[in-house]
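What follows is one chain in structure tokens, specifically the form predicted alone.
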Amino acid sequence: MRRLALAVAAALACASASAQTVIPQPAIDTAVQLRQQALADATGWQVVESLTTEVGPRMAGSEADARAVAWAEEKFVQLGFDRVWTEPVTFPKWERRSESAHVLGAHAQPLHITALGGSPAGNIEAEVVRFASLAELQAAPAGSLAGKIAFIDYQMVAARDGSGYGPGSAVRSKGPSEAIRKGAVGFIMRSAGTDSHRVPHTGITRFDEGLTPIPAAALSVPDAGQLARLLARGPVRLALALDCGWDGSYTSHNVIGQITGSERPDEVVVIGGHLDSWDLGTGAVDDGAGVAITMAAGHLIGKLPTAPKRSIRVVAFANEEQGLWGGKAYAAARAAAGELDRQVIAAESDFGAGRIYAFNTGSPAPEGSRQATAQIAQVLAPLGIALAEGQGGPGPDISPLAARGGAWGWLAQDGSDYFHLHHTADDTLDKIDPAALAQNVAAYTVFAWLAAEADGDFGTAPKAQD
């Protein structure tokens, strides 16, 4: 009986080992060559230079949005992708026209502000009430801000992994609705940013159902400090004038370029970035860099004499900034076509152009793919990238796929200075380090190639949406 038990255990161990996803040595050898080629290649820089110079800022729904879509289609063709197509993405259109803020009275002076995406227009003059945090505003008595402007002066902290953005963005997304509940007629906040420049950070906000929206804006970090000092001296009245708002709907497009696989073309490895940007800068780090990194990675793989086993699909997602519209549309289209199980693994570059320092994968059923993940990590290691077990998550536009059971890859970029630039007029090409960008291209090239060559999957397990 004991011999039989040992035999069964051995058989199960063999079966378990055979179920492990592995990457053949020839594919690893090719990945090493690709890594070196990518470090010496300028395609990533050339692509982001082209996008930010020829199109510039490309807010969702703008005339430049359409030009960006045409640019992406043409660029995919120029870079040798054998299939290029678009998929429609329809969303509400928000426009910014003008904005200003002025302190009134004895200390009269202008303040640098920008409307938050989703804010309505409005011209108001009212006393400002300062709160150090969102929690302080939430704790204020009902009706205590009647006829006043709520000001949340929360200071975001810089971190390599961008962890300070969670509390900072919560002020932007939840603060206006809390202000309305307390009776406020306007909302302003210290920008969700870590810089000390006089450039405010925009970004989308939301108003809870049943509330009448109020004008909502962000102050630059220095201007928030200025307003706080003025308030320490006594009451402050502020004139806030915003000309902005929703204006119907708009149809943009996800733009997709594909290097078609040689053996399993219907199975795809998805990489990409979002094509839209806010309107204040030229969208270089957010997210022209991500589009360029992933386009360049697909281009380098496409130049190989033999196509990868699986298809590599690069997606330039539409309107990430205002609600992941492109990512949601891509996932919904795959579900409608019954293709969720063919999305082998997906990764998005949407955290600037800082050097990648960590890597991991995740999925609903990750156990069988850990060997392949470790193999990818070994090829990434010479780039200064470490395997980070148990860490990471899907990028913004990949999260709708992940929510439906898709496997994801995480290539963590150093975001120590990302929120100096994020959603500001300072988000311009000169902030990108070409050598760091090339390291990103090398990492995405290695990841996409090895995932496409892997024997076995990465744990995608489609599930129905709630």
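Residue positions are given as counts along the sequence shown, with the first one as 1. Since the structure is predicted, the reported quantities are computational estimates derived from the model, not experimental observations.
One more form of this protein, predicted together with a further copy of the same chain, exists but is not displayed; see below.
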Which among 344-352, 277-285, 363-371, 118-126 is in contact with a further copy of the same chain in the predicted complex, heavy atoms within 4.5 angstroms? 277-285
Considering a further copy of the same chain in the predicted complex, which of T306, S163, S196, T212 comes within 4.5 Å of it through any heavy atom? S196
Considering G405, P57, G415, G61, which brings a non-hydrogen atom within 4.5 Å of a further copy of the same chain in the predicted complex? P57
Contact flag, R97 vs a further copy of the same chain in the predicted complex, heavy atom cut 4.5 Å: no
Contact test in the predicted complex: A106 vs a further copy of the same chain, heavy atoms, 4.5 Å: yes
Closest heavy atom of T260 to a further copy of the same chain in the predicted complex, within 4.5 Å or not? no
When the contact criterion is heavy atoms within 4.5 Å, does E49 count as touching a further copy of the same chain in the predicted complex? yes
Quick one: name the residues from 428-462 with any non-hydrogen atom within 4.5 angstroms of a further copy of the same chain in the predicted complex. T428, L429, D430, K431
